[in-house]
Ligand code: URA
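Given next, in structure tokens, is a single chain: the form predicted on its own.
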């Protein structure tokens, strides 16, 4: 059995990356746009294997060549994985002509070409969001067949009881025929405004909100707190983010039930 079959996500394996243009390499690592990187090269600030780079189009292997910028070696990473505590009012998209996106919140040192949110949170939903440039990783995490469970905290307008727990456990089907797989509903506090936790392995449009509407209730507040066994870092304030460690990335693919 290989590591992927054991539920371990491999971030980087063999050194099989072809040589790339130096300006593309540096731009991919957050040193600025291609134009800004080209300025660094022209000024002699980029050195590879103790030799100053003079040609913008010169190609190198970022995984084997020693590349320094202004005297500091770069820590090359082909892919990056970022945890964000998404605030309400921000959309989960790479770009939008009218609205602010989660990528607009990234600090400069984490910005990369090709980043996208791996899965979406509704505009008014807060909490754990993964941003990456690794499409294979995102597909593995989001595919329903892999059963990567996501846990949410919610405030519900209404008294949640065992009745709703059983309804969620049996799966919910809307009047329009859309169906949702069985979900785990845990009551934290029951009352006129109930506090609950909901665990699902899907990510359909407005899923949790629609599930509660189907049982005659309304979601007032929603926050994702866990993906697999990866919990939202409590130290992250709304809008803040951090790069994930290899251990944290792999924890996504460990069972959270």
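Residue numbers count along the first chain shown, from 1. Here the structure is a predicted model, which means the values were calculated and not measured.
What follows is about the form predicted in complex with this ligand, which we do not show.
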**OP:** Mind telling me which stretch in 228-236, 37-45, 206-214, 56-64 gets its heavy atoms within 4.5 Å of this ligand in the predicted bound form?
**Re:** 206-214
Original post:
If you check in the predicted bound form, do 116, 129 and 132 all have a non-hydrogen atom within 4.5 Å of this ligand?
Top reply: no
**OP:** Could you tell me which one of 111, 167, 125, 85 places a heavy atom within 4.5 Å of this ligand in the predicted bound form?
**Re:** 125
Original post:
Tell me, which of 102, 160, 185, 121 has a heavy atom within 4.5 angstroms of this ligand in the predicted bound form?
Top reply: 121
Original post:
For residue 222, is any heavy atom within 4.5 Å of this ligand in the predicted bound form, or not?
Top reply: yes
Original post:
Is there a heavy atom of residue 81 lying 4.5 Å or less from a heavy atom of this ligand in the predicted bound form?
Top reply: no
Subject >> Partner proximity in the predicted bound form: residue 152 to this ligand, non-hydrogen atom cutoff 4.5 Å >> reply: yes
